[in-house]
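Single chain ahead, by itself, as C-alpha cells, in the form predicted alone.
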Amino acid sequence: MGLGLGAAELLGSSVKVRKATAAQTRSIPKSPIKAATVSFLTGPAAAPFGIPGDNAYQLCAEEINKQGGIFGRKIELKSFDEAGGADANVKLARKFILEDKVDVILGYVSSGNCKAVLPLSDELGGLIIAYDCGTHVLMEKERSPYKVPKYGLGFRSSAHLGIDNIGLVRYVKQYYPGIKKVAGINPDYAWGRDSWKVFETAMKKLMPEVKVVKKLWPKLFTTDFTAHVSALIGSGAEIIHSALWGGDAVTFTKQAIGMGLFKKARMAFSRGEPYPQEVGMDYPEGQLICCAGTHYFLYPPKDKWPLNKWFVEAYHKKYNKYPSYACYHAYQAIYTYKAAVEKAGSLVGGWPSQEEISKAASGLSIETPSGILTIGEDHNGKEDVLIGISKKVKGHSFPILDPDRMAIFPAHQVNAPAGIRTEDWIKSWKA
C-alpha cells in the first residue's frame, strides 16, 4: 500500500516519529474514495471557469487512478453544478457530508458560495477544499493579528485575490511608473468591491501620486455596458482596473472593442487570463492580464517544467483547449488532498482521519504544473503571481502574454502573512 512500518504523532508542524505497534497499524478501506466536485456547469461562469475546472478534475482523477489511486484506493469523482446559489450549495454540502458520506468536497468558484459552505466543514466534520473562491476575507478575521486557522477542516488550495490586485499594482509601478490617472469597473458585490479595495489600497501605498478618476459598479450579469464604456472613455484614465469575470468580462470586452476603449486606455484585468482564449484574435493587444497565480499554459516553459508540459498537452488533447487558471486550481485542490492523505497515512500507519489529513495539509508544499504550491498555517494557498501584456504572436489563435513583458512577483510580495489582514499588511509597508 506504500505505507512504511513507522508511525508518528502529528503535533502541529513538528513530527515525532516512533515505532508502530500492531494496535497502531490501521487498515485501508477497500472502497473507492468518494469525492464531490462542485463548479459552475451552467450559466455565464460555466465556459471560462466551471467547465474547465471540472474537466481538469476529471483528467487528474483519471491520472491518479491510472497510477494506482491513493494507497490503492481509486477516486470516484462525481460532479455537481454550483449555479443554484448559496442556499442550494449549503443544502448540497450537507447532503454530501451527512448522507453521502463523501471523503472530500472539492469545489466552488463563487466567493459567496464558499463563505456559506466552508463553515460546514467544522460544523459537520467534513473535509472541504475550496479550489478557487477568491475573496481574501474567507480565511481572514476582522482584526489583526488573529489566531489561525479559521476553520479546522476547511482549506483553500489557491491564493486569494490579494495576489491579483497587489501584483497588478506592482506591475504598473514597474512598467508604467509615469501614469497619473486610473479608474475601476468592478461587479457590484463582495468580489468586485474586495478586489478594488485591495487594488486601491496598494496603489495609494506604492503610487500615491496616482489619482482615481472613476469608479463604476455594474450589477452582476449586466448585458449592456455601453454607458459604462462611455464613462470610462470620458474619464481620461490611462489604466482601468477590473475584476469582471465570466460572461460579464467577455461581454464588456466585446462591447469595449466596438466603442474604441482600448485605443484610449489599458485594461488591467485582475483575473483576465481566460479571456484572450475566449474572445480570440479580436482581443486587443497591450492589456494587463493577471493569471491568478502563475497559472498559464506557456509558463513555466515546458522545457524547464515537465509537469506543465504534461498538463497542457494532456488537457489540450482531451478537450481541444488550453487549460485556464481554473484548471490549474482544480489540479491544486485534488493533488493537495492526495498529498495530505499520503503524508498523514504514512505517519499514522494506515488510512488517516479527517483531522489527521487536515494537520498534514497545513504547511504542505507540492509540485504543481504552475510551480510550487504551499498551504499556509492559515489553510490558504500561498503562490507567486504572473502578470503580463497581451500580444498577437504568429502561431497562436489568440493573443498570448508578451514573453518580453511578463513579470513574476514572488509569494512573499503578494501574500499577507498568516494572522494579518491583507489591508492591514499593505498599510504597514514602508514607502
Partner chain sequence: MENWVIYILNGLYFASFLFLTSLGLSIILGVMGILNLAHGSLFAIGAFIAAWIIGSLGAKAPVTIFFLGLFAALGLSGLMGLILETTIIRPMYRRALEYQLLITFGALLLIEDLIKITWGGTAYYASKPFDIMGNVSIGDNQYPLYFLFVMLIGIVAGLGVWLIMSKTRIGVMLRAISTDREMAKAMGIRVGRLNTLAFGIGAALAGLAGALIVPTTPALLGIGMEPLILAFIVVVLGGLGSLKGALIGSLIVGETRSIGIVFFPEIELPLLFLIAVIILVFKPEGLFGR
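In this text the structure is predicted, and so the values were computed from the model without any measurement. Numbering follows the first chain given and starts at 1.
Separately, the form predicted in complex with its partner chain exists; it is not shown, and the next lines address it.
For the options R143, K91, K263, K304, the one in contact with its partner chain in the predicted complex, meaning a heavy atom within 4.5 Å, is K263.
Contact annotation: of the candidates G178, G85, G72, G234, the single residue with a non-hydrogen atom within 4.5 angstroms of its partner chain in the predicted complex is G234. Put simply, F221 is close to its partner chain in the predicted complex: some heavy atom of it is within 4.5 Å. Heavy atoms of H228 reach within 4.5 Å of its partner chain in the predicted complex, making it an interface residue. Under a 4.5 angstroms non-hydrogen atom cutoff, its partner chain in the predicted complex lacks L153 among its neighbouring residues. Though the partner is left out of this view, Y319 does not reach within 4.5 Å of its partner chain in the predicted complex, counting heavy atoms only. Heavy atoms of no residue among T135, V341 and I357 are located within 4.5 Å of its partner chain in the predicted complex. The candidate stretches are 295-303, 324-332, 263-271, 91-99, and the one lying within 4.5 Å of its partner chain in the predicted complex by heavy atoms is 263-271.
In sequence order, L41, T42, G43, P44, A46, A47, I51 are the residues of 33-64 having a heavy atom within 4.5 Å of its partner chain in the predicted complex; the partner itself is omitted from this view.
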